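This document starts with one chain, in the form predicted on its own, laid out as structure tokens.
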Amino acid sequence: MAEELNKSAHSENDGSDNSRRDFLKIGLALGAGVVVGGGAIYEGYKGETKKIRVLTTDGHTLEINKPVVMEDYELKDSSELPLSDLQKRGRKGIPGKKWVMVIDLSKCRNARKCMDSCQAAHQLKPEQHHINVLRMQDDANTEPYFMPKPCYHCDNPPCTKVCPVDATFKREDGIVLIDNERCIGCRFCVAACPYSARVFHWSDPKFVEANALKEYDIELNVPQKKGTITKCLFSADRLRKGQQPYCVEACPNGVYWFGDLNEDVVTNGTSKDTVRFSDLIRENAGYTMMPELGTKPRVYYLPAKNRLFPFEYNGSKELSQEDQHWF
């Protein structure tokens, strides 16, 4: 490879367009080896392989011929790994289900009980959020409102396409999860998510010593681990038990509806009323965030009309400049 680089560099100095292209191709092959190197080393020594997966500039993974620098390593799919029972169950999901969430912005008054419940369940620090409540304002002439923002569990998630080690994936029931036993902390998924739904553990998480011998639960994402990613899980551990997500049950104002798209039903977390999902969305002008991206979110919003509560933030109806979030 070094001889080929020298020859190509030589030819480039001679002004040959073909040689210049050859030189760039070899350089890109070496770069690809560096991009996936962490994932390959994570898998360990396995001898020769013919293909490797690399990250492309448009956010997809691509199989290419393995460069010399990757000669002794290979990447493996999760199906080839020795997985724990909790990992196997977490990757499979719940057969026959297609989970969906509806958030009614007219009912949110920033109680943040959803955030508290989620943080407690997933052992997050105060500054870490699987779900966050943003103060929004569509225009300078419109009334502000509050908007809870979880992960949208997209049907076409860009985050899963860029992970070089299959640590983040979409289950058959539609939930996008992270396997922290597999995550190498490259943060490609963080960069790929257009909704800023992922958090990186820069420091040791809570309860490190207490959780030292605890088996990792992929559906609860606990124990958390330094150097890995965390995000909203649609409370996959509670769905396994036939219960509603933490955030849905904790909300005192009926902001959240949650249910199964296959059955076309969603249930309100506060009133426990059950309605047809399709009717709820159609009759209330439901929408998803940034549909033009083609990500196909599983979280829908109902607009902030006929509000139950007047907008108030810290006892004031006015927002300071730094508190405003624009759509």
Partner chain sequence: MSSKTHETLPAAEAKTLLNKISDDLLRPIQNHKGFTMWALFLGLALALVLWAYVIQLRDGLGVTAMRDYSAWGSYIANFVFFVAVSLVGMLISAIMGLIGVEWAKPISRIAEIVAFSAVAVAGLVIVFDMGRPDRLLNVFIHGRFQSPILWDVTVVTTYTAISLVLLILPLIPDIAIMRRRMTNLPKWQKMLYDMASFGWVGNDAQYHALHRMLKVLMILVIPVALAIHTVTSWLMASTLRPGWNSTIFGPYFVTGAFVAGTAAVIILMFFYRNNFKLKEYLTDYHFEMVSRLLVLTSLVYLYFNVNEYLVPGYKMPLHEGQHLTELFTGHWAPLFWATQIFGLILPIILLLFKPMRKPLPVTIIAVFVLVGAWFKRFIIVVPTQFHPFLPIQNVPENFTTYSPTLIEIAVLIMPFILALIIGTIVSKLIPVVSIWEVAEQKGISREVLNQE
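What you are looking at is a predicted structure, and each value in this text was computed from that prediction instead of being measured. Residue numbers count along the first chain shown, from 1.
The form predicted in complex with its partner chain is left out here; the points below concern that form.
S.K.: From the list D85, E127, D139, E209, which entry has a heavy atom within 4.5 Å of its partner chain in the predicted bound form?
M.R.: After the contact test, the surviving option is E127.
S.K.: Select from the listed residues C183, I103, C151, V100 the one whose heavy atoms reach within 4.5 Å of its partner chain in the predicted bound form.
M.R.: By the 4.5 Å criterion, the partner-contacting residue is C183.
S.K.: Are all three of Q123, R238 and N262 close to its partner chain in the predicted bound form, meaning a heavy atom of each within 4.5 Å?
M.R.: Zero of three within 4.5 Å in the predicted bound form.
S.K.: Indicate whether its partner chain has at least one heavy atom within 4.5 Å of a heavy atom of P245 in the predicted bound form.
M.R.: Flag for P245 set to no.
S.K.: Does its partner chain come within 4.5 Å of any heavy atom of T295 in the predicted bound form?
M.R.: Yes.
S.K.: Can any non-hydrogen atom of I281 be found within 4.5 angstroms of its partner chain in the predicted bound form?
M.R.: Heavy-atom contact with its partner chain at 4.5 Å: absent for I281.
S.K.: Please check if V275 has a heavy atom lying within 4.5 Å of any heavy atom of its partner chain in the predicted bound form.
M.R.: V275 lies outside the contact set for its partner chain.
S.K.: Within 4.5 Å of its partner chain in the predicted bound form, which residues of 119-149 have a heavy atom? Give them in sequence order, or say none.
M.R.: E127, H129, N132, V133, L134, R135, M136, M147, K149 sit within 4.5 Å of the partner.
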